[in-house]
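One chain comes next, on its own, written out as structure tokens in the form predicted alone.
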């Protein structure tokens, strides 16, 4: 048996809630990819490799707790150069920290999408390319997150 009066009150409350958020939006999300939240300093995004600095010591591959970093040998390199498997990488940054020549660097890029799992395995040739955020490449507005006493977190232009 339905209760039309109590049901009507619930509908009115739902409509009022919808109107409240329509008239006074308090959202924390952004319109990605038109807007892009700039990650803070120290953010651990994709890793960039600088082959000209690398001494091919292999410490990055040895310390990787997830076995994501691997040394790839070519016919010209006897020791090998690092590549990464982003299927396994936990972005701990141990490989970056242990590199004695600063040949690895954490970037702020985190929003790259891949079409297949094979693309997540990055050999040294692709590992040395600068990762590019598709939103930034598309001209997204850069935003930064700031703390607001009344509202909590909000975004403003970076």
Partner chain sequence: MSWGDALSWLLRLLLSPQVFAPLIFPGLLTALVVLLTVIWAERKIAARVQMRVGPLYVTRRLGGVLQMLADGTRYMFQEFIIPATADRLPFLFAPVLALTLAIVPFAFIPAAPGFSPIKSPYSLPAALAAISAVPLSVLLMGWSSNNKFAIQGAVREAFMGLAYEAVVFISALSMGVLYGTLDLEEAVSRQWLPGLLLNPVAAFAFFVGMVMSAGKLPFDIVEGEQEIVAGPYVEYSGIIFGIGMGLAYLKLYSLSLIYTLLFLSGWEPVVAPLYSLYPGLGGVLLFAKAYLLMLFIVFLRSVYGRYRLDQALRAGWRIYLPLSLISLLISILLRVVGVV
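Here, rigid core means the biggest group of C-alpha atoms that superpose within 1.5 Å across both forms. Every value quoted in this text rests on a predicted model; they were computed, and no experiment measured them. Positions refer to the first chain, counted from 1.
Not pictured, yet referred to below: the form predicted in complex with the partner chain.
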{"item": "Contact of residue 97 with the partner chain in the predicted bound form (heavy atom, 4.5 Å)", "value": "no"}
{"item": "Non-hydrogen atom contact residue 136 with the partner chain in the predicted bound form at 4.5 angstroms", "value": "no"}
{"item": "Residue 26: touches the partner chain in the predicted bound form, heavy atom cutoff 4.5 angstroms", "value": "yes"}
{"item": "4.5 angstroms heavy atom contact with the partner chain in the predicted bound form for residue 50", "value": "no"}
{"item": "Options 53 to 61, 31 to 39, 128 to 136, 102 to 110; stretch whose heavy atom lies within 4.5 Å of the partner chain in the predicted bound form", "value": "31 to 39"}
{"item": "Three-residue site 15, 18 and 21 fully in contact with the partner chain in the predicted bound form at 4.5 Å by heavy atom", "value": "yes"}
{"item": "Large Cα shift (2 Å or above) at residue 145 between this form and the one not shown, core-fitted", "value": "no"}
{"item": "Core fit, then residue 12 C-alpha moves 2 Å or more between this form and the one not shown", "value": "yes"}
